[in-house]
Every structure is written in C-alpha cells, then in structure tokens.
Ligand code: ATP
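Starting off, we have a lone chain in the form predicted on its own, written out as structure tokens.
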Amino acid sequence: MILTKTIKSYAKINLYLNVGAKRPDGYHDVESVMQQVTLFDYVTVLRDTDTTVRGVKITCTDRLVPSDDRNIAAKCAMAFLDKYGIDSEVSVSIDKRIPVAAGLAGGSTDGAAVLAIMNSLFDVNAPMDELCAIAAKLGADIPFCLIGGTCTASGIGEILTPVKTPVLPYHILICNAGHGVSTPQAYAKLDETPVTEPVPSMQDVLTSIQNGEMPRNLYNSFERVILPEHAEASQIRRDMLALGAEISLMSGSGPSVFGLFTDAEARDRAKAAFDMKGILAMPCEPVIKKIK
C-alpha cells in the first residue's frame, strides 16, 4: 500500500541576528528573533508499506538542490527511520519555491516538513520536543521550522522560545539577486572581522513585536561581511527603502534582503519595480501561531 502526504514548508527571516564568538566546539553563540513567513515549498513524502528495506529517495524541482544523502530533507528522513527503528523506504519530493542558499532556511524547512509528515505517516506521534531533538542534530534552523511562528533563539540556535504576538502590522517583500552564500564561509568571515559598531538590543525588537508595532531596531551581524561583497544585495536594500519600506535588512547569512511595509499596496508597487529590473521579488506575510 502507498501512503502519501503533502504539506507546505515555510521560509523564515531573521528580524534580529547577533552572532557571538566561535565556541570551542566550532559553533557560534547566537541571539536571534526568527519569523516564519508565508513563502513556501511543497514537500511530499510517500511511504510504501510493503517495503522492508530502510532507505530514502529524494527528488527536487530545483537542480541546485542535491538529490542524494547530502540533502537535509533526506538526512531528516533517514534520522527519523533510524531513531524509531523503522525498516521502510520513503520517497521525498520537493517542489521548490524558496530560493536556494538565500538565508531563508529553505533546506531546513524542507527537513522539518519531512519530520512532521513521517511522524504522521508512520503513526509515531512523537511530541514536538522529541522531533526537535532529532532536528537539532542536523541543522540549527530545523527546530524553529518545526515550531514556526515567531521565536527567539539562543545557544547555537537550538534554544527556542515561542513569542506570543498580536497581528503584526507589516507586509513583507523578499528580494533575491540569485547569488547564493555559503553559510560556513559567512561564519568564517565573521570570525575574521571584528565588531566595530554598537549592537542594538534584541529586547527592543521583541518589545515592538509583542506590542503589535513595527519593529525598528533590526540587526544582522552578517551584513557587515556579506553586503560589502554583494553589491547587488546592498543596492536592493537601498532600493527597498526608496520604494517605501519602513525598514530593510538582510536575512540570515544572505544574500536575500527583505523589507517591511505598513501598506500592502506599497509593497506590491515595490515588487513591480523590482520585477522591472529582473530581480526576484516575493511578497509574503508573517505567520502567526497561537500560543497558549
């Protein structure tokens, strides 16, 4: 028997990202406010109940995404089978809408979707903290992609605290110039570049969000090492503000840049302007999760 399930896997932006010094274990301590957004991939998992050989097959509509065991979604699928001792073959297919290597957690969110689907398809019904423990071993952003909504992150990104938010008063436009950035290389550049500017407080961003206000003091450590080498991303950030965004920032290790607009029509006019320049512009909204 063939069982299958498809869900949307949502991207994320960083409203705040302060990267600390490199730790002895090679990771970096971070402080971050992460926001899930409505830009998404479609992830489908197919389970063949007649197979007894443990394995994962993967396909993706984007040729830049590896279709072997290097793929984060494939790693998540195999980790799930190994964790619960399941001898079965699964097939994962990804309809890619989120740009690759863009600082939007595109790979991580696909991996999170696979864990969520397999938890259902195999009737494991593991609690969220158990799935997050599997995810944290494979990528720092995957646990957040499982939880979604708005979260703060600390430690190496694995300590997540959901943030209760009202309806957020902004509309988002994400632009990507099409030049991917290697996250490990971005961290290496940070290690070589000392901080010279004052770093705003994460609490300022949190307070604004929790009050339902437009967050103003956004910050991303990676901007100081990525933007100087990516002139197009720097120009997009300037254009975003000129086209009506209240604030603009690079997401994650880049080079995607987002703008927050108070008015959806202004956001859509900005998208049209970027379209005219041949720049990929993706309108989306913040995903709000109810917290008890």
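From 1 onward, residues are counted along the sequence shown. All of these numbers come straight from a predicted model, not from anything done at the bench.
Just so you know, the form predicted in complex with the named molecule exists too; it's not on screen, but the next bit is about it.
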message: By the heavy atom within 4.5 Å rule, which residue out of G157, P215, G149, P99 makes contact with the named molecule in the model of the complex?
response: P99
- line: Assert contact residue (the named molecule, in the model of the complex, non-hydrogen atom within 4.5 Å, options L173, I94, V90, C76) equals I94
task: Choose one stretch from 157-165, 101-109, 118-126, 203-211: the one whose residues place a heavy atom within 4.5 angstroms of the named molecule in the model of the complex.
output: 101-109
task: Considering only heavy atoms, tell me if V33 and the named molecule come within 4.5 Å of each other in the model of the complex.
output: no
- prompt: Do C132 and the named molecule share at least one heavy atom pair within 4.5 Å in the model of the complex?
  reply: no
query: With a 4.5 Å heavy atom cut-off, would you call V225 a contact of the named molecule in the model of the complex?
result: no
- prompt: Though only this chain appears here, would N71 touch the named molecule in the model of the complex if you measure heavy atom gaps against 4.5 Å?
  reply: yes
statement: Near the named molecule in the model of the complex, with a heavy atom at 4.5 Å or closer, the residues from 51-65 are L64, V65
